[in-house]
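First comes one chain, alone, set out as structure tokens in the form predicted on its own.
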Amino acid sequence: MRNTSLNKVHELAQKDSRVVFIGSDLGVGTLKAMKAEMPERFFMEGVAEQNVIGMAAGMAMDGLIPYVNTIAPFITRRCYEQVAVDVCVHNLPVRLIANGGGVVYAPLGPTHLAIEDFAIMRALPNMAVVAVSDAEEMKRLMDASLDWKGPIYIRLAKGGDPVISQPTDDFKIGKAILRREPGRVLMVSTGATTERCLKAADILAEAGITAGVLHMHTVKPLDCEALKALVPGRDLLVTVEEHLLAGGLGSAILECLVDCGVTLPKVKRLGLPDSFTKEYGSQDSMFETYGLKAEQIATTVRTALA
């Protein structure tokens, strides 16, 4: 997914002279072809994320569209003030591409986990927050990002994720995609959890439980219209995210439904608890720890319906 997004930056730069790339402490081979072809639009900085965000904001004020890339916790919490004041206050078209969202960097421990990024990024006025499900959907997002008016936070998954999106998807930032029609249950997911929810829906179908999957690739602006259309009439609404329960997708969905006056069915939110992890494992092992694997999601649904 990361390679796809960066290759698309190069492709967009070939089409649009406003596009520039700024990296922070990335490998020497990053976007090597773009660096050779258009060195005046390729910038590789050191461990200086606050400075990088200021650079991007200045370029955007001059009419450019900067795509900034580094590891997720460093492009969010380390430079939060610069993102807020330099970028969001002025509603600038800066794109923040965040490597290793969620628990992807589980081998490196809590310093490298981006488990609160949805919460802090969506709290910023003007900021869009997106987490697509696979590399093919990333291509559609990158195309759509070019002309988006304000800043965008783009969370990347692990890479090598199974392709579950469809070429016929009408991908739009802020517009959810219904992956499976709901029955008694509607699961709403984002990023890498959508693939797990589809598997969970298959498991539940074998047990005679009809469960739909709404892929909410855009956490902000949230597609409230889809929720208002699909939630009423369900026995159970389940939100699933690779993020703290505080402030993430589930929180955003409940805020939307309550604000819109929708009568809520039984609700179950799945995500990470309010604590820093003490584990050093893999993304899959973390998913198992937090009950986010497909079999565990299906078990949670069955228990909630019992």
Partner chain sequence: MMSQESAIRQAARQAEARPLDNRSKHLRRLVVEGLLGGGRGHIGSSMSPIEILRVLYDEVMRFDPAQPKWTGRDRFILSKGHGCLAQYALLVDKGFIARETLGTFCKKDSILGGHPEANKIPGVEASTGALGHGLSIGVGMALAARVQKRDSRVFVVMGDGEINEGSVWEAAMSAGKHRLSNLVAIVDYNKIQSYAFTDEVQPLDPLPEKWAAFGFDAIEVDGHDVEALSKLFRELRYDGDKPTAIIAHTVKGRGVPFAEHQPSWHHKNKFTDEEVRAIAAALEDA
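Positions refer to the first chain, counted from 1. No experiment lies behind these values; they were computed from the predicted model shown.
Beyond what is shown, the protein has a form predicted in complex with the partner chain; the following relates to that form.
Among His90, Lys228, His112, Lys175, the residue placing a heavy atom within 4.5 Å of the partner chain in the predicted complex is His90.
Interface residue among Met55, Leu244, Leu257, Met34, judged by heavy atoms within 4.5 Å of the partner chain in the predicted complex: Met55. Residue contact check for Glu45: one or more of its heavy atoms lie within 4.5 Å of the partner chain in the predicted complex. Contact annotation: Met61 falls within 4.5 Å of the partner chain in the predicted complex, judged by heavy atom distances. The shortest heavy atom separation between Asp170 and the partner chain in the predicted complex exceeds 4.5 Å. Ser145 falls outside the set of residues with a heavy atom inside 4.5 Å of the partner chain in the predicted complex. The partner is not drawn, yet in the predicted complex one stretch among 215-223, 199-207, 78-86, 176-184 has residues with heavy atoms inside 4.5 Å of the partner chain: 78-86. Contacts with the partner chain in the predicted complex, taken as any heavy atom within 4.5 Å, map to no residue of 103-135.
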